[in-house]
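Listed next as structure tokens is one chain, alone, in the form predicted on its own.
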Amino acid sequence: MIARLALGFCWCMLALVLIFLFAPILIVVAVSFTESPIFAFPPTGFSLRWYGAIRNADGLIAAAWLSAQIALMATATSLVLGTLAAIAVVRRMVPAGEAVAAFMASPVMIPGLVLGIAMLQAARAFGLTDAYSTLLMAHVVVTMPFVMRTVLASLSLFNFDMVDAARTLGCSYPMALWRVLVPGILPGFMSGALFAFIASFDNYPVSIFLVNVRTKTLPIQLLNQVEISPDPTVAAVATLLILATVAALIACDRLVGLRRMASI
């Protein structure tokens, strides 16, 4: 009897947590289809007008394209540098590898506002005045820990003797890495890439210090849109971002498998 009550209590808590997590998302999606010119829930009527209004909204398309560019380049750079750093730590190619790995995770632990101010002061000290380049370098700092930690977790379970075995069977060193190492770390690689892209695309506290009037990322442009013209266009953009995230998860599931990614 006590076991059943405990199990029922756990299921109730799980249901409450899921409602707490997904209710705001569902509300945003519902508001994006309203006919009302203001945020209103429950929505009145059904309309796609706010999705059509996205292309006419001032700066939203340009901001989304800028965020996508920065996120893609920051993720690609972090994948290369983070993977190489993880290999160096696991193979003990650098002294105090555990300290290096802990230091590489520090951008995640530091509050975003503090990191943003630090990046702004560093850019001024080095004479960097181009907002695009500064944003890209700052986002590489933000995304690097996600890649390194996930790849590091994959490499900790990988036996590098398998690479040597592949070489003895006739593979060249690059081919042995491609056929043996890459499949072994692919789940960590893909999950790190996904987390890094989302962290860069959605970043606000660091980006707010580095943008200018002509260079604004999507989160900052959305905040300006809410302040200047608070209509359901913002909800429509948010809904599209939710759908893009779901599509990315489905793609990762097809390529690697969410279970393998979650096991990292």
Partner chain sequence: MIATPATPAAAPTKERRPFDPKALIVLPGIAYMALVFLIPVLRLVGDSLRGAEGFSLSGYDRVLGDPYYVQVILNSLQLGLVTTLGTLLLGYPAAMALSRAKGQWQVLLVALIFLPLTVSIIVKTFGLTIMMRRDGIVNWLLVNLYVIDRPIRLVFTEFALYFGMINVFLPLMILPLYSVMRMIDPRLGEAAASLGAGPARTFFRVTLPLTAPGIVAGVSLVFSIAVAAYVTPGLLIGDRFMTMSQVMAKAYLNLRDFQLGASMAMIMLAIALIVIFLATYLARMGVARDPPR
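So that the term is clear: the rigid core is the largest set of C-alpha atoms that superpose within 1.5 Å between two forms. Just so you know, these numbers come straight off a predicted model, no measurement behind them. Numbering follows the first chain given and starts at 1.
The following text describes the form predicted together with its partner chain, which does not appear among the structures shown.
- Contact between residue 121 and its partner chain in the predicted complex is found at the 4.5 Å heavy atom cutoff.
- Contact check for residue 227: a heavy atom falls within 4.5 Å of its partner chain in the predicted complex.
- Under a 4.5 angstroms non-hydrogen atom cutoff, its partner chain in the predicted complex has residue 90 among its neighbouring residues.
- The shortest heavy atom separation between residue 68 and its partner chain in the predicted complex exceeds 4.5 Å.
- Checking 137, 131, 186, 76 for any heavy atom within 4.5 Å of its partner chain in the predicted complex turns up a single hit: 137.
- For the candidate spot formed by 46, 54 and 147, no residue has a non-hydrogen atom within 4.5 angstroms of its partner chain in the predicted complex.
- Residues are counted as partner-facing when one of their heavy atoms sits within 4.5 Å of its partner chain in the predicted complex; in 9-33 these are 9, 10, 11, 13, 14, 17, 18, 20, 21, 22, 23, 24, 25, 27, 28, 31, in sequence order.
- Relative to the superposed core, residue 25 undergoes a Cα shift smaller than 2 Å between this form and the one not shown.
- With the core superposed, residue 243 shows a C-alpha displacement below 2 Å between this form and the one not shown.
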